[in-house]
Structures are given as C-alpha cells and as structure tokens.
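One chain follows as structure tokens, the form predicted alone.
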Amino acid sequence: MVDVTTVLRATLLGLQLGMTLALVAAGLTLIFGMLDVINFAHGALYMLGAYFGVVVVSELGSFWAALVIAPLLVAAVGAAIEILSLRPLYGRNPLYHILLTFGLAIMIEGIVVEVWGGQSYRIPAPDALSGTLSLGSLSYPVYWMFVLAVSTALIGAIWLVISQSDVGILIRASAHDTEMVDALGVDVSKVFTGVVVFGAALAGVAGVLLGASRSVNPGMGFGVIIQAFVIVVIGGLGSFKGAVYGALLIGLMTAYGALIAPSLTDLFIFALMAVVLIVKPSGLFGATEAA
C-alpha cells in the first residue's frame, strides 16, 4: 500500500524531472520550429554541459561558476555547429540534417570518451544545497528542490520572452514566414544562430543540474535525447508549450511508474506516445506552432 507521503514525494520528483527535461526538450523543439531541423546532436550537447561542469568545478571549485560557464561553452559549440554544418544545408532535404546531426552526436561522444575516458563522474553539489527539507512528514533533498525551482524559473522566463517580448515576436515571425521577415531587413540567419545557441545553452544548464544528481558518463546524451523526442512528439514538434506539458507528463509518469510498476514505466510512456500519434499525429499542441 502506497502512503500519501510516498505519493507526494513521487509528485515532487516527477515535477523536478519534468521541468529539467523541459529545458532539453524546449531547445530541441524551438530549433525544429525555427529551422525544421531534427537535431539528434542535442543530447550530446546536454552531455557536454555535464562534462564541462565537471571540469569547471574541478578547476575553480565552484558549482555556481559551473552553472554559468558550462552552458556558455556549450552555447559556443552550438554556434559552431549551426554556422559550420547546419547553415550550408538549409533548404535541402531534411534527411541531410538528420544524418548530419546523428553523425555529430557520434563524433561528440567519441571526443568525450577520448578526452575523459569511459568512466563515470559526478558534479559535487554545493554545501549550501546539501541535506533535506522537511515538509510535514515528507523529507525531500534540498538540491532536488533547488533543481525544481531553477528549472521552473527558467521555463517561466522563456515562456514570457517568447509570448510577450519583441524577441519572441521576431522568433515566431521567422518561424512562420522566413521570407517576409527577411524582406523586412532582418538578418534571419542571425535569428537562426541565436535560437540554436540558446537551445544549446539550455541543454548545458540541464546537464550541469542533473550532473550533480546523476552519473556523468558518455551514454547520458543518448538516454536523454530519446526522452526529449518522446516529449516533443507528444507535445507537438515545434511547440514550446507542448514541450513543457509533454515533459511534465513524462516526468510524472516516470515517478509514478516507479511506484506502481517500475519495469513497465517505459512501456507506458511509449504506449502514450503511440496513442497520441494515432489520435493526433501532430501532437497535443500541433506541429507548426513556434511558441
């Protein structure tokens, strides 16, 4: 029999996992919405964020520095990928982008193994975030609550920027009618680069945040990209709102599934994705929405 405290703990864990996955899925879906590129290398960027975090903490001894510097480094890698490899293929068959980003993911994983080896690492969480927080009969790790708060704040800020700011209007306009925006004198290529850089930075943030609670290893990118693709398929390719709701749904299903039937959790998730594809192939929030 599962008690109320266990359900509350699973709910918090599911929300925390969902909001962190939303950081990865949001970048993935924004890139697709803008560029029509299914970026298989996005999971590798998440992995790079975790490894850069390990290096920064090792060199500077500060988790907070890692939380800032590692995403910036991943953003620089994202800019290089967009300018040097994705941009020359815009307007070509989408299969080229799939093959290219899949190859990039393999290359990045190979470089990581060559530089850091195949062993696992962990980003040490700061002492200020150690211990547990008591919420009545529920004890919850302070660091996990921090991850939930930071992820929620970032997703909320992105939502506001996309829906309320001039930058958001420019992104949505570029996604819906690139030629019109270009005719108005806006350098759309810079908008594309900015979206890829921003998506890569979000993946880097998620890598650092989860790198302090999970193992940092060369296979972590593959695992998260599968979850991210399930999320964007359920929410709708290109929809930021769909990515957030889809991530929360997957996070809660994962947490509750661990209580009810741990061995069947993945089956439930992929069954849900199959049902969504059959009933509404464009996803819960459509396929062409950029915000």
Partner chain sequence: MRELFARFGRSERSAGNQILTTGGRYALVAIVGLLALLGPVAAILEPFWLFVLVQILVFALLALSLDFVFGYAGLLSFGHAAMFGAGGYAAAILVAEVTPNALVVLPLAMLTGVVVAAVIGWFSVRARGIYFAMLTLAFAQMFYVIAFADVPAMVAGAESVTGGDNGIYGVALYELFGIVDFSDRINYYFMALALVTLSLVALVRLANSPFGRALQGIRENEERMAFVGYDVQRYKVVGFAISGGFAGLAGGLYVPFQSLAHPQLLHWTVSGELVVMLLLGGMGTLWGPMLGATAVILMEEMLAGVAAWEIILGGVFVVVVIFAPRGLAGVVVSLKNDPRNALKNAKDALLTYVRKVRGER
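Numbering follows the first chain given and starts at 1. Owing to the predicted nature of the structure, the values given are computational and were not obtained by experimental measurement.
A second form of this protein, the form predicted in complex with its partner chain, is not displayed here; the remarks below concern that form.
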#### Entry: Heavy atom contact within 4.5 Å of its partner chain in the predicted complex, the stretch among 58-66, 223-231, 251-259, 44-52
223-231
### Task
Decide yes or no: are 84, 91 and 274 jointly within 4.5 Å of its partner chain in the predicted complex, with each residue judged by its heavy atoms?
yes
### Query
Only one of 129, 99, 135, 169 has a non-hydrogen atom within 4.5 angstroms of its partner chain in the predicted complex; which is it?
99
### Query
residue 111 near its partner chain in the predicted complex, any heavy atom under 4.5 Å?
yes
### Task
Verify the contact flag for residue 32: yes if a non-hydrogen atom of it lies within 4.5 Å of a non-hydrogen atom of its partner chain in the predicted complex, no if not.
yes
### Query
Is there any non-hydrogen atom of residue 282 lying within 4.5 Å of its partner chain in the predicted complex?
yes
### Query
With the partner left out of view, is residue 95 within 4.5 angstroms of its partner chain in the predicted complex by any non-hydrogen atom?
yes
#### Entry: Partner contacts in the predicted complex for 22-59 (non-hydrogen atom within 4.5 angstroms of its partner chain)
32, 36, 38, 40
